[in-house]
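We've got the same protein chain twice here, in two forms, each standing alone as structure tokens: structure 1 and structure 2.
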Structure 1
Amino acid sequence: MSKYSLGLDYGSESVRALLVDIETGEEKGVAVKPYPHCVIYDKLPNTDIELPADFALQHAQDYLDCGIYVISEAIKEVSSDDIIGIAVDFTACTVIPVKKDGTPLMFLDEFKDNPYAWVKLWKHHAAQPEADKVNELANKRDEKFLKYYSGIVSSEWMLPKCWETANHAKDVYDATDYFLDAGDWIVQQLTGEFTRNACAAGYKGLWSEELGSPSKDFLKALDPKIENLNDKLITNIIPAGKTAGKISAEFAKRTGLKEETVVSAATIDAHSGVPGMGVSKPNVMSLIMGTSTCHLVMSDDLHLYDGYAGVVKDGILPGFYGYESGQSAVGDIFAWFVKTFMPDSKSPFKEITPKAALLPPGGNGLVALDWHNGNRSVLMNADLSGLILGLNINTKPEEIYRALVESTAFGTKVIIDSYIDNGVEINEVVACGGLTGEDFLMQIYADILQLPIKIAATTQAVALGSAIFAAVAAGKDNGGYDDIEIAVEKMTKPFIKTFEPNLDNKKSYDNLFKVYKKTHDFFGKENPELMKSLKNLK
């Protein structure tokens, strides 16, 4: 009798459920549902209440309605008795303020018209002033937690977002019993149990096993208003693959799952892609490539240096230090290119790619910087911006497109080099995500990295990763696995394709990379105020 586990993958615009045979990895059911309110940038839905700049909210009801729908759809073909576990991954740091019983403040009449009571999506950037002050004070006080984050706290993270609410909506802050990562809220809804997932707590919550959370003393020094913030955070911190609770009677009814089905602790969506691709060993660089790219690598050792976004013990898989880096725009840069240069084309990528593929490295003498949405690694600076150089009066759009693709590969090279230069070995590069279907692009990455790149078999690596965590949380006693390495081996398929570096292009790319790196350092390290001054001009 086959057993199944369910991965529930909450992305920025939709949720996906994937039901997998835990013995073969076969996909037994899948369903996707876009959130009706998607991302809310301008006004609270059905109101005239305008949102401040840099806001990006979501509706908690969307998560529930869509989640229940996709679960019900994905499990239709099998008996709920054979589904042994479920795990949730979620964008992070997506924050939801709730009452003691798990009710989101935005569901209460008192707060439904207050934007600060709504869910702040990961890319809500309005807490930059708070992040700046956190960084200033933490650096001044030499707070130990900084060493795990290259010395920089992002405005996307938990502390700045909570403090922002305290600054702008003290009533919401005071009425909030818990600020939850949205993934943990889904787990609480499914099980009734409050847990905090170690992955989000580590990468986005400034928590570590060694140091715990930032001290009350530090919080008070930031602002007496938030000296009690730790009381509003869940202390039961659990990694994905461990049981957070079991499906409640209510949610069994609403989803079709069996009551008491094991629910794993949550994890961050990108991080779930690592086991989902088939990686369970250290020193493998996993690229999760889409509108942005996430770079994840595990190591037996802790290497502290500046350049990554965060390092968390057991942050990706138990037993390893998990390192996270990122490029804030990759597919988004290509989307910008076609919107800007080919507004009238119906299939712009089909048109431009063959032309760009015929060009030599550099697209006839161009180099670009991939900072159209700032730089997340290794510079950690949202004020940086994109650049193209080498333009002449004959430069063609396909040349610019090729240079932009190459720029994102150079950005990945800088990240990988920074790991290697600081002692984190990289033996292999693997990739998943929407962009890995583009041979033209992946070959450029292999050529620029001068490393083979293996492409994951599944297009749903993130959801599959959650299904793996679900099977491990269920454990051998329930027909699952106790060992994640075995679960990964059983439930994932071999890489389907390897892009080998073309040595003919090495010399050209080495020369282009010299220009990239020198320009990168000039604008990113030596003179960051130049691009910052352009942002402030607006």
Structure 2
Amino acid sequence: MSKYSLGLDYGSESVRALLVDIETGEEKGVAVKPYPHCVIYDKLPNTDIELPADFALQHAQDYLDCGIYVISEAIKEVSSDDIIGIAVDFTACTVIPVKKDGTPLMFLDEFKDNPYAWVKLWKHHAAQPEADKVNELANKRDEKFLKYYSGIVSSEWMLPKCWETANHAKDVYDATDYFLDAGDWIVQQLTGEFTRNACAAGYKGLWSEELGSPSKDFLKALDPKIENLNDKLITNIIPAGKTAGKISAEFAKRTGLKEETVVSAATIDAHSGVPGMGVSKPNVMSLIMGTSTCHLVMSDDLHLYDGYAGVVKDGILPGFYGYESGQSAVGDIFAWFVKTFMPDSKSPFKEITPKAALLPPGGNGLVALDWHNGNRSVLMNADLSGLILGLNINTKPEEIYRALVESTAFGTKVIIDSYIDNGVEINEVVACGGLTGEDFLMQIYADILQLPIKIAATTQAVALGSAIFAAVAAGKDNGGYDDIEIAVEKMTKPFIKTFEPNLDNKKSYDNLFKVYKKTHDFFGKENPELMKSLKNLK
């Protein structure tokens, strides 16, 4: 009798469930459900309450309702007795303030109209002032934790977001019993147990096995209001692939899952994609490409330098130091372009891509900066914004579009170069995500990186990674695996395609990259206040 594990993958706009045969890797059931409220930027739903600049909120009920729906759909062809485990991955750092029973504050009448009580999505960047002050004080005090994050804390992370709430809505902060990573909230809803996943705690929560969390003394020096913030964070920290609890009777009834089914500790969505692509060894750059791109690489050694977003021991897979970098907008940039400049097109990408593909590399006379949602790596500055140089009255839409695609590839090249320059060897590149189906885009990436890019066999690598963690959490005694390398080998398939770099394009892209890098450094390192001043004018 076949045994299955279930991966529950929460993205920025939807949730998907993937049911996998743990022996063959066959994808037995899959379901996807978009969030009804999607991402909330302008006003709280059903109110006239306008949100401040750089807010990006979501509705916690969407996570629950859509999660229940996709689980029920994905498992309907098999017996729940044959499902041995479930695991959750989630965009991070997505923060939910909750009460001791797990109820989100936004569900309470007294806080439902307060935006600070709502879910702050990972790309909520309104905590940049708090992040700036964290960085200033931590550098001044030479805090050891800062070295694990290249010396820069992002506005996307837990501490700045919690402090932002304390600064602007102290009643919400005081009423919050726990600030949870959204993945941990889903696990709590599944099991009734509070855990904190080591992946999000490490990469987004400033926690490490070696140092613990930032000290109470440091928090008090930041602001006495958050002196006891650590009391509002779960201390039961568990890595993915370890048991966080078991499906509760209530949740079993709502989904069709069997009560007592093992639930793995959560993990970050992108990090889950590494095993889901079939990667279980070091020195491979994994690209998880969607609305944003996450760059992940494992190494046997610890290298502390400026340029990555975080390094965590066992943060991706056990036995390695896991390094993370990222671009805050990639697919988002392309979506912005077609929505803004091609609103009447029924198939905008099918229309614009062939035209852009006919253009020679660098032949459009344009260079763009891929900072439409700030820069995560290597500059870690949410105040930076997008830019296009070289426009003239003859510039065509396809030239702009190609420049935007090239800019995102150049952003990845900056990240990869920073690793190599600092001793983290990268031998190959693998990729997964919705963007990898675009041959035009992936060939540009291969040409600019001058590295082959292997494409994962599954379109659901992130959800598959969670299913792998679920099989490991269940363990061999329950029909799963005790060794994650064996689980990866059994549950993934060979890469389906490799994009080889075109050497004829190397010279053109090398020359264009020089312009990109000078522009990158001028606006990102030497004069970052220019873009910030434009933001302030708004």
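These figures come from a predicted structure and were not determined experimentally. Quick note, the numbers are simply positions in structure 1, starting from 1. Rigid core here is just the name for the largest C-alpha set that superposes within 1.5 Å across the two forms.
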{"property": "Structure number of the form predicted together with another copy of the chain", "result": "1"}
{"property": "Rigid part of residue 15 equals that of residue 163 between the two structures", "result": "yes"}
{"property": "Smaller-part rotation in degrees, where the chain is treated as two rigid parts between the two structures", "result": "9"}
{"property": "Rigid core superposed, the C-alpha shift at residue 502 between the two structures in Å", "result": "3.5"}
